[in-house]
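We begin with a single chain expressed as structure tokens, specifically the form predicted alone.
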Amino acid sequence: MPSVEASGLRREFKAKDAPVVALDGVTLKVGQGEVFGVLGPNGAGKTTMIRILSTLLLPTGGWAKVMGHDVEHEPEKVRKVINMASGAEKAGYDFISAKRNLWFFSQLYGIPSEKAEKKIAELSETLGLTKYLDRKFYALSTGYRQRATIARAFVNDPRVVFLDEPTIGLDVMTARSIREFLQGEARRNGRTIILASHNMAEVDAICDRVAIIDKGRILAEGTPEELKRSLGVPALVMEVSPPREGFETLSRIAGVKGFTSSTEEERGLCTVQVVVENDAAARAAEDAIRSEGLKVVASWRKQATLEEVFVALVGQGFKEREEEGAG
């Protein structure tokens, strides 16, 4: 039995002009002990999906089950076997200690005090939080508040944990520590972890399988390596001078699936990454840049990333997709 299963999951929100479709027929299966990534730009539908699976939001179509329980018709049974955390939420009560925060949340699940204290100590030791347990929550750094938030998500010994951008805004070492903890919980304790993120490196590093989502639809699903291999040849990277915005001519070249660009103000360069089908398309892309009077300072080929998979599917990167949505 899958830990999490959904079929044709749909969610619409009422709006003044027309309904807004946040999820549009999502179907997936996630196995026990699996770290499953849901990767997409802001507004893609990741958070809506997490909220439905964790019983905080009802679907307007389709169905979903967690540990065999229907999220719409058996929410109480679902809530007993899950927990969740978000990097964007207010993680606790400011004027009580981190330990008392964790104890309070453990009591919401009816965990006996002695068992709760033992679990809090165990989680704190693993997450490097022990020395900070007696500090008021407001006095903790962002990194340690987030460690406490992650501990809270595991305090009831859940079978399925939903995490929405759990390492957003954290320093590299804290984020790495949290990722290692999540992997350990899945491997040692067989927990299913569903991780919604737009951090491609994070998803690539810890997820067994990944679903790429945009505009409420799953565009591709597989292991990170399977998704990257699907592109075939390595991507083309060019450093272009002078920097500018707009490289739409690239999208009209045969064999170019899409591109992203970013400007490095200090170096006075623009880095353009092009997803190509073959070597001929890569050469044509370089020629097109030069034909516009720009200088290709350097160019090289590199193995595809998950963002390049996304680019191949929709023709633009996460940043461009988010800017398009904001406009």
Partner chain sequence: MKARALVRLWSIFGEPLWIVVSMGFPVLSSLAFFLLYYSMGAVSYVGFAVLGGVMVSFWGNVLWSMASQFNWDKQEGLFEIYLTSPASISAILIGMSVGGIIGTLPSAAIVTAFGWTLISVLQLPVPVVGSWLAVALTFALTLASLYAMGMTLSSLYLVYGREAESMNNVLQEPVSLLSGMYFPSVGTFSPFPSAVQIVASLIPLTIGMNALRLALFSTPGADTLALVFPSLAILAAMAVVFMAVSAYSLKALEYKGRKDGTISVRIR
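Fair warning: this is a prediction, and the values are worked out from it, not measured in the lab. Residue numbers count along the first chain shown, from 1.
The same protein also exists as the form predicted in complex with the partner chain; that form is not shown, yet it is the one meant from here on.
> Within 4.5 angstroms, counting heavy atoms, which one of the listed stretches 91-99, 201-209, 250-258, 175-183 is next to the partner chain in the predicted bound form?
Looking at the other structure, the answer is 91-99.
> Lys228, Arg152, Arg159, Lys119: which sits within 4.5 Å of the partner chain in the predicted bound form by any heavy atom?
Spelling it out, the residue with a heavy atom inside the cut-off is Arg152.
> Pick from Glu245, Glu125, Glu76, Glu114: which residue has any heavy atom within 4.5 angstroms of the partner chain in the predicted bound form?
Looking at Glu245, Glu125, Glu76, Glu114 one by one, just Glu76 meets the 4.5 Å heavy-atom criterion.
> Kindly indicate whether Phe13, Arg51 and Val71 are, all three, within 4.5 angstroms of the partner chain in the predicted bound form, using heavy atoms.
All three within 4.5 Å in the predicted bound form.
> Please check if Thr223 has a heavy atom lying within 4.5 Å of any heavy atom of the partner chain in the predicted bound form.
No, no contact at 4.5 Å.
> So in the predicted bound form, is the partner chain close enough to Gln107 to count as touching (4.5 Å, heavy atoms)?
Result yes; Gln107 sits at the interface with the partner chain in the predicted bound form.
> If you check in the predicted bound form, is Ser86 within 4.5 Å of the partner chain, heavy atoms only?
Yes, Ser86 is a contact residue.
> Taking the partner chain as it sits in the predicted bound form, is Trp103 near enough to touch it, meaning that at least one heavy atom pair lies within 4.5 angstroms?
Answer yes; at least one heavy atom of Trp103 falls within 4.5 Å of the partner chain in the predicted bound form.
> Considering only 134-159, what residues come within 4.5 Å of the partner chain in the predicted bound form, judged by heavy atoms?
Counting only heavy atoms within 4.5 Å of the partner chain in the predicted bound form, the contacting residues of 134-159 are Lys136, Arg145, Arg152.
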